[in-house]
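One chain comes next, on its own, written as structure tokens: the form predicted alone.
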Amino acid sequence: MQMSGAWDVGLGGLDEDAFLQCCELFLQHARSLDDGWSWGRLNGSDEGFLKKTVLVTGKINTEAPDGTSRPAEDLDMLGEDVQDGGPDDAEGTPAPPSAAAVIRYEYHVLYSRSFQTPTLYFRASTLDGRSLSLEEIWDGVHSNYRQRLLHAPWDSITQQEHPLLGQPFFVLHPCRTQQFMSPVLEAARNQNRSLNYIVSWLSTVGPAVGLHIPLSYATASSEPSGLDPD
């Protein structure tokens, strides 16, 4: 496949044309798997983003700001389309009152012109529409990733305005994405192997916030239709 865009192996970034081509290939495979990914676009705008919504089981703080208790949800009424993705509580850490609940995660992948990399935005809410707080998001991060997030600003979780929707979202900050993607691209080039930047990047950062990419995405991106690092 010929690219109209390109990525910089040395710096670990990619231009917007390459981002869009990677997204197109990603979506082709997602459709073949019926994996729930689609392309979101604003009315009257050429800009867009990858998006996916999933339901997972987890724990939420049942104590409301006024000190009363929020009602827990009945998980048995929600069918089988719910993934088991509850938080991993750190040992010895006192936790606020919590209960099992179904959480709706909405993930968006946008291109950052400032950093020349993709960026993962997401938000989470209960089925009654209550948005999860940053504290609850952190409680949902598995302990395997929590320390890395706390000490690595390239993927620390913050809250900011969605650049296209103008709504509050959480974001994994992309300031060091190029730093960890550069050796990935370098290895692919040295091995004369095709890859999809979106797949490699999302497979690295997604699991920290409950977003897992099936292995078949990586297999598909290594086939001749994948993109070749320059």
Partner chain sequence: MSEAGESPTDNPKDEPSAVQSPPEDIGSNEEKKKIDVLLKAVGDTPIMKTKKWAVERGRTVQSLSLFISRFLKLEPSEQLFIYVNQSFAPSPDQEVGVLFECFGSDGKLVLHYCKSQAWG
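Positions refer to the first chain, counted from 1. Just so we're clear, the structure is a prediction, and the values are computed from it rather than from any experiment.
Another form, the form predicted in complex with its partner chain, is not on view; read the next lines as being about it.
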- Every residue of Gln21, Ser38 and Leu55 near its partner chain in the predicted bound form, heavy atom within 4.5 Å: no
- Message: Just to confirm, with a 4.5 Å cut-off on non-hydrogen atoms, which of Gln147, Gln160, Ser114, Ser131 contacts its partner chain in the predicted bound form?
- Response: Gln147
- Task: Determine whether any heavy atom of Pro168 comes within 4.5 Å of a heavy atom of its partner chain in the predicted bound form, and answer yes or no.
- Result: no
- Task: Decide whether Arg193 counts as a contact residue for its partner chain in the predicted bound form under a heavy atom distance cut-off of 4.5 Å.
- Result: yes
- Task: Flag Arg176 as yes or no: does it have a non-hydrogen atom within 4.5 angstroms of any non-hydrogen atom of its partner chain in the predicted bound form?
- Result: yes
- Query: Taking 4.5 angstroms as the cut-off for heavy atoms, does Val184 touch its partner chain in the predicted bound form?
  - Reply: yes
- Item | Stretch from 30-38, 160-168, 184-192, 43-51 whose residues place a heavy atom within 4.5 Å of its partner chain in the predicted bound form | 184-192
- Query: Out of 191-211, which residues reach within 4.5 Å of its partner chain in the predicted bound form, heavy atoms considered?
  - Reply: Gln191, Arg193, Leu195, Val199, Ser200, Ser203, Thr204, Val205, Pro207, Ala208
